[in-house]
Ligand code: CDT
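Quick setup: one chain, the form predicted on its own, written in C-alpha cells, and binding and motion questions come after.
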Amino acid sequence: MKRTLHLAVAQMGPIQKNHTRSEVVARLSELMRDAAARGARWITFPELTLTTFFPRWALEDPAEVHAYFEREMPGKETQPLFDLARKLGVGFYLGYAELDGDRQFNTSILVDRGEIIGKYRKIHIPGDAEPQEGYPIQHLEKKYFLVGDLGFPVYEAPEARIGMCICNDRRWPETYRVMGLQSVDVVMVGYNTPIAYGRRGEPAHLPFLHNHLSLQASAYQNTCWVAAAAKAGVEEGIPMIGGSCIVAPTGEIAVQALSEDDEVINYVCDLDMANGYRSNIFNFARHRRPEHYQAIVERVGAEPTSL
C-alpha cells in the first residue's frame, strides 16, 4: 500500500510588538481549523511563531527579553492550541523562544494530537551578538540564543519519520544529510527572513531565490519532503519574505503560498516517491564515501590548504 501523508503549511502574516500571545494563538487556531478542514494531518507553523521577531532589537532589560520567551510549553496562553489539535486529531510543528532555567534557545516542537513527541533547538545561529554599524537592519540572534544541544533527531510519528530545523539551518547541507542518514520522510522548517538582511546592497530578489534554492536542493539530495513555513509581510517596519512551500523529493515545489499574509497551503504527499532515489542515485549505503569527508567535521572555517 502506498504511504501518503497529508501535509499543511500555515504561513503567518506579520506579528507586531503590540500583538498579544492570545491574539496570535487565535490566528494559529484559525489556520489549524482551515488545515484540518482540508484533511491535513500535520501542520507546519513558522519560527518564533508566538511573538514578533525580537532579535532585530538590542534589548538589555532581562525582564523585557524574557517576555518574549516561554518558560513552559504548553503554557496558559498556548494550551488552547494543544487542546484544539487534540480535538481535531492533527499534529503540528511550532517554533518559539524557549527559556530553560537561565538558558535561552530558539526551539521547535512536534506535537501530535496535543502531546509533545519531539523537540529541536536551532543549531546554526545567524547574525551577531552586538549591533553592527552600517547595516540596514540588525539581526542579533547570537545575543539571545545558545547553539542548540539536541542535534538533528528524527521522530517516529504514526505515519512518517519527521525531522525539524529552523530558519538558517535550512541553508546548511549538513542539516538535512544528518536527518537523511536517519531515513527521514519529512523535514519541517519555520523561518523569519528579512529581505534586507545579508550582504549589504544585496538585490531584494535574492532572499527569495536562496530560500527555495536551499529547500529544493536539500529535499532532492536527501530524498525527503520539506514543509517550510514563513512569517511574512512587513513586521515592525521590516519586510519579510513569504514563499512558504512544500517541496517533493524530486526537488520540485508541490505547492506554494501566494500571499504575505496568514495562509494555508496543503498537499497529499506520496512518501514512497523517495524510494526510487534511495535505491539508485542517493543510495547512501552504496555510494557515500565518508572516508573522504573528514574535513567536514574536522574543520569549522575554510582554509586554503590541500585536503
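Numbering starts at 1 and follows the sequence shown. Because the structure is a prediction, the values reported are computed rather than measured.
A second form of this protein, the form predicted in complex with the named molecule, is not displayed here; the remarks below concern that form.
K.L.:
Among 218-226, 156-164, 187-195, 111-119, which stretch has residues whose heavy atoms lie within 4.5 Å of the named molecule in the model of the complex?
P.N.:
Going through the listed ranges, the match is 187-195.
K.L.:
Heavy atom within 4.5 Å of the named molecule in the model of the complex: which of 107, 168, 175, 78?
P.N.:
Answer to the contact question: 168.
K.L.:
Is it the case that residue 233, even though its partner is missing from this view, gets within 4.5 Å of the named molecule in the model of the complex, heavy atoms only?
P.N.:
Contact check for residue 233: no, nothing within 4.5 Å of the named molecule in the model of the complex.
K.L.:
In the model of the complex, does residue 127 come within 4.5 Å of the named molecule, counting heavy atoms only?
P.N.:
Yes, residue 127 sits close enough to the named molecule in the model of the complex that at least one of its heavy atoms falls within 4.5 Å.
K.L.:
Even though the named molecule is not shown here, does residue 141 get within 4.5 Å of it in the model of the complex, heavy atoms only?
P.N.:
Residue-level check for residue 141: yes, a contact with the named molecule.
K.L.:
Does any heavy atom of residue 42 come within 4.5 Å of a heavy atom of the named molecule in the model of the complex?
P.N.:
Judged by the heavy-atom cut-off of 4.5 Å, residue 42 is well away from the named molecule in the model of the complex.
K.L.:
Select from 41-77 the residues with a non-hydrogen atom within 4.5 Å of the named molecule in the model of the complex and write them out in sequence order.
P.N.:
In sequence order, 47, 53 come within 4.5 Å of the partner.
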